[in-house]
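Here we start with a single chain on its own, the form predicted alone, put down as structure tokens.
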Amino acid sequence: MNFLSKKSYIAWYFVIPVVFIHLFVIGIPSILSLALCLTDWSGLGKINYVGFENFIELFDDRYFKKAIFHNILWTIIFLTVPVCIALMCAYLLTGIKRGQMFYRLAFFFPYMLASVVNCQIWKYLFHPIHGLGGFFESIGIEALASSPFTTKETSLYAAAFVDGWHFWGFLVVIYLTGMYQVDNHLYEAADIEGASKFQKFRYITLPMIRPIFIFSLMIIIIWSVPVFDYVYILTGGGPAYSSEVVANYLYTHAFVRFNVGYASAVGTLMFIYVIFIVGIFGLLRKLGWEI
């Protein structure tokens, strides 16, 4: 009893319930998923062991390959567009002295909204009758009258745009926090040398916020793997698999087609990929990179 009443163990009283919840909601299902990837279980009835047949079938599945390609494309988009815009806005905000908190809140507000709310806003905005589509049709611009979420060529990019709109404010806040930690004497010395704003950003700001910048790239790569909600709500992976991503593909097989073993194989590959990415960043850290 004296052991449990020590102040040094008080924190464990609060942590243990969370650990148990995490274990039963995430930990155990994840372990079971790794086991079920070698079966053809449908979610009910007998579990049949099939070895690596699910993985063999996956690598021959053209829809799975298309989903992987869409995830790679999604990652590239998020490593470029939101990052560049967030860096630019964060750097510009460092020069604003008044209303700093207002701008931070304005940029961060979309990130605080639930994905369902964000998606419904943009779905209504691009509605072919009640939204911008109806407006463009009324003025005779038929090419812009249809919703980008229902067009095969634009569905993936439209979903990425909405997700990026909600996400880039988060990057602005973390980049801005890093920029405020840069020593002002470095900028003053650069001003004396006649450096331009771009040169100060290139040779002072970026190197000084490199740990935060690299960390943001890492979380973008990792978060681009299980991307699901925005694609599912806005396009459902369609039309004709044009916006299908790996997580949406997994969901379809697990909860629509009831092919749990096959879906578990997809989840296992996602898990291996995330471990691989984390391992690369861990190796870079051991090599001396500031991450």
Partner chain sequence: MIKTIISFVSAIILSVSFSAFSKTKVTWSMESNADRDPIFLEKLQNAYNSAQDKYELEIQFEPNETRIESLRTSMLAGMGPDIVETPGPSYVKEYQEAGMLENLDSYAAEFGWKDKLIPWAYSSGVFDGSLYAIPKTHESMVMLYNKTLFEENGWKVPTTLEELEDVAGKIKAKGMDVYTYGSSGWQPTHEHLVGIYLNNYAGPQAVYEAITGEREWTDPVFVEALELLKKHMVDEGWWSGSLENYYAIGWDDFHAQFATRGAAMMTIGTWTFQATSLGIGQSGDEWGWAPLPSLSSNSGGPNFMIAIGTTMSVNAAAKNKDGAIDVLNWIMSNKDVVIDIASDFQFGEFVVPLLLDDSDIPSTISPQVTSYLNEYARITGEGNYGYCTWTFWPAEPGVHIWKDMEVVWAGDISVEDFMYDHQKMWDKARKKNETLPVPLRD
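Fair warning: this is a prediction, and the values are worked out from it, not measured in the lab. Positions refer to the first chain, counted from 1.
If you look for the form predicted in complex with its partner chain, you will not find it shown, but the lines that follow are about it.
You can rule out all but one of 120-128, 201-209, 67-75, 155-163: in the predicted bound form, only 120-128 has residues with a heavy atom within 4.5 Å of its partner chain.
Contact annotation for Y49: none of its heavy atoms lies within 4.5 Å of its partner chain in the predicted bound form. At the 4.5 Å threshold, heavy atoms of F59 stay clear of its partner chain in the predicted bound form, well away from it. Using a 4.5 angstroms threshold between heavy atoms, A254 counts as touching its partner chain in the predicted bound form.
Shown alone here, S146 lies within 4.5 Å of its partner chain in the predicted bound form, counting heavy atoms only. Annotation for 148-164: interface residues with its partner chain in the predicted bound form are T150, T151, K152 [heavy atom within 4.5 Å].
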